[in-house]
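Shown here is one chain on its own, the form predicted on its own, set out as structure tokens.
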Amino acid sequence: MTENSSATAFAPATVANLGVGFDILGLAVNGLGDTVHVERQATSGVIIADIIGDNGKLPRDPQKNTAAVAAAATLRLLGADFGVRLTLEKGLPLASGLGSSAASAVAAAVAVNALAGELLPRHELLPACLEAEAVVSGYHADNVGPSLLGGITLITGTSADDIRHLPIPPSLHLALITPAIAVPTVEARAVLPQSISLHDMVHQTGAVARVIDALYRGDIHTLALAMEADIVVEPARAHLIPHLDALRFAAKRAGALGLVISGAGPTLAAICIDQTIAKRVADAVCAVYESDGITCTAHVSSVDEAGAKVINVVA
């Protein structure tokens, strides 16, 4: 096993669900994410050396922190005879709907694998990432899948064979707006209905099919309409997002083709056809929040095709 002394990796944020595809669709976001640095240590296990950018909110217990859990799981997958000291740099807000916990887990898994000389192909790190994600939000891959592997993904299970890459329309741009409110994933899942009618099931599956069809045809307008067609999850969560109807109206008036809740929220993802429109949409949505005294941050982006990446390795 390669005797590298340290490694650093970055994992991108994600937009899960794409509106109508609850737990089965997700995409990786360019330019936003978490970074993990690991240093080899002779003793086994994982020590959290530092966490930067979380304002002291994340657990320092290695068994409760997704980066540390993923690092430990990756060491087991590798059969490693060493441990790591881990530093997590949070580039993502907590409980934001941008796959924050997943990005931490993915970055840690990729960094540990790089420390060992990248013995495992990227997709074989998925179980370690899922084990970590399960600590905070359940055993599902709609965030860790695209963060690890990049692109727009269809997720039909929890193995790498269950993750399929979908086409990325070249004109797809996103305006991501995150208000200064927290929506924990556990809370957002607790409000969801446990059963739906046959009518709603037919509508929902039809809308998912339209999303996938639109991606294959590169039809951004139909994609946005289909993403907004959720009649199951968004109605149950709408009360968690202040002024959702007004925000959607403002986004479309500024040029967005559609606006959906990113993951569990409260981040909103607006679908736009170019970067200039996306910037205008972000400003318009933030203005609605700020008129009610809610601060927000905005990011204009596109789909990250590559997913997590190794930034640096020191032998």
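What you see is a predicted model; the values in this text were computed from it and never measured. When you see a residue number, it is the position in the sequence shown, counting from 1.
Missing here is the form predicted together with a further copy of the same chain; even so, the following discussion is about that form.
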Between 239, 217, 76, 221, only one gets a heavy atom within 4.5 angstroms of a further copy of the same chain in the predicted bound form; which residue is that? 217
Only one of 208, 95, 126, 176 gets a heavy atom within 4.5 Å of a further copy of the same chain in the predicted bound form. Which one? 208
Heavy atom of residue 305 within 4.5 Å of a further copy of the same chain in the predicted bound form: no
Using 4.5 Å between non-hydrogen atoms, is residue 154 touching a further copy of the same chain in the predicted bound form? yes
Classify residue 180 as contacting or not contacting a further copy of the same chain in the predicted bound form by the rule of any non-hydrogen atom within 4.5 angstroms, answering yes or no. no
Does any heavy atom of residue 24 come within 4.5 Å of a heavy atom of a further copy of the same chain in the predicted bound form? yes
Hey, of 128-136, 240-248, 156-164, 112-120, which bit sits against a further copy of the same chain in the predicted bound form at 4.5 Å between non-hydrogen atoms? 156-164
Would you give me the residues of 191-209 that have any heavy atom within 4.5 Å of a further copy of the same chain in the predicted bound form, in order from first to last? 192, 193, 194, 195, 196, 197, 198, 201, 202, 204, 205, 206, 208, 209
